[in-house]
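Given next, in structure tokens, is a single chain: the form predicted on its own.
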Amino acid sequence: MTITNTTRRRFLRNGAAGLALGVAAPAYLRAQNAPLKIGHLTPTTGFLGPLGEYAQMGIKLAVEQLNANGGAGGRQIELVMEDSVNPQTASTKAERMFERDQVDMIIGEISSASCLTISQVAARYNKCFVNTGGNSDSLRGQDCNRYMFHVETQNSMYVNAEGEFFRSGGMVDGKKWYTLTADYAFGHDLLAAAKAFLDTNGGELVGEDLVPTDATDFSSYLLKIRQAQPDVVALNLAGTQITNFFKQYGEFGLDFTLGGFGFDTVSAWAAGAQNFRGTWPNVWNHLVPNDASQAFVRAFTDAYGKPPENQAWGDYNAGLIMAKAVAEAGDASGDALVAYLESPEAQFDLMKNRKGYFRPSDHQLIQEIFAITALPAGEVKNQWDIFTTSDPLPGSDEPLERLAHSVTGGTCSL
């Protein structure tokens, strides 16, 4: 994909569709000269590090674009970025961002456990935290709070979408399933949602294993899968776990139907076309045929030499959403932003067919999602386009919230 610097400058100047309107500000707000300070926390080391790198690239591009268009409500944006490392460190760094750096909000994260600790700090300061990567249903349920919003899709939405794909192919009712699950909050929550779906739809769980997040050797699990002879192997893994599994699955010569309930395209790219297989749910991917989406892909590729991953999409859009919120609310305080984001007027162009909005009851961004399916190795033309993308889910004739229901995670009380 060849992109000129002129193309990128034009994108930064003109912005994504609707951006200029979204961040237009009243005159009295434009008169304010104080910068808008955004803290960005995400893991850039450990098994989630590859995703965190894309997250940082996404938010940096958003801020560059916004500042080229006048900032957020006339205020230039300053970005304070840190590696969140783990939940305890994430909490410490979030507090330091609010106290020392005087940030107006925090965007980011991938680990659901770290999302929880950051959100608790943000709530103490009455500041907004926008989760761009944590999937746990409990963050939208029993662990929700007034100041936390979720651009990332929750586990149950992914499970419902992927489950419908398998059910439509006759692979649920009466079929045997084997699951491998990352042994931390994200995986546990995803497994609970997957079990609920199988129980409701007649699937049989014949084996399940919890996998340590630092595991690199899957041979013992693959031997157990071979012995169980399931119809479907479903992964509730994360980060580099998925990449390592893909490579070893091919080496073992297993050919059971493969899929999962949570996925990031960086795992497919890292595994390579020769190892990637199956169908997976995806909040967004670089093949989505939307004009604004493809403009983003071109600008990102020009900036970084490769197409954006879905995590980059999340942090990029979180930046645009919060800039629009500051402009529309006329204020960057937590209470003012909450009031705006919960309002019916708060709808956002997410580079998809339909606009998204935050559900007031739990602050989940309600939006379309997709399914990606691995291409046969012989049909792959480059290292990035190794899968196909589905049409948006749910279908255009169905309510946007159709997949957004959960039987796990508890009840949110804001």
Partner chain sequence: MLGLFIAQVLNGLLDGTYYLLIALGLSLIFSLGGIINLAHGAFFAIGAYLALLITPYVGYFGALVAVPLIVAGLGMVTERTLFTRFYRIDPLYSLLLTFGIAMVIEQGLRWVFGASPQSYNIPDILRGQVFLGDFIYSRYRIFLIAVAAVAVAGLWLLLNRTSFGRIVRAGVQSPEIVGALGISLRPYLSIVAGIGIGLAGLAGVLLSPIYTIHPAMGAEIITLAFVVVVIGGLGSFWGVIIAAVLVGLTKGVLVAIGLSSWSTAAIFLLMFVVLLLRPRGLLGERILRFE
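Small disclaimer: the values here were computed from a predicted structure and weren't measured. Residue numbers count along the first chain shown, from 1.
The same protein also exists as the form predicted together with the partner chain; that form is not shown, yet it is the one meant from here on.
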| property | result |
| --- | --- |
| Within 4.5 Å of the partner chain in the predicted bound form, all of 257, 290 and 392 (non-hydrogen atom) | no |
| Interface residue in the predicted bound form among 253, 174, 305, 169, criterion: non-hydrogen atom within 4.5 angstroms of the partner chain | 253 |
| Proximity to the partner chain in the predicted bound form, single hit among 183, 101, 331, 95 (heavy atom within 4.5 Å) | 183 |
| The partner chain in the predicted bound form: contacting segment from 132-140, 109-117, 281-289, 211-219, heavy atom within 4.5 Å | 211-219 |
| The partner chain contact at residue 80 in the predicted bound form, heavy atom, 4.5 Å | no |
| Contact label in the predicted bound form: residue 126 to the partner chain, heavy atom within 4.5 Å | no |
| Distance check, residue 196 to the partner chain in the predicted bound form, heavy atom within 4.5 Å | no |
| Proximity of residue 356 to the partner chain in the predicted bound form, heavy atoms at 4.5 Å | no |
| The partner chain in the predicted bound form - contacting residues of 216-250, heavy atom within 4.5 Å | 216, 217, 219, 220, 221, 223, 224, 226, 227, 240, 243, 244, 247, 248, 250 |
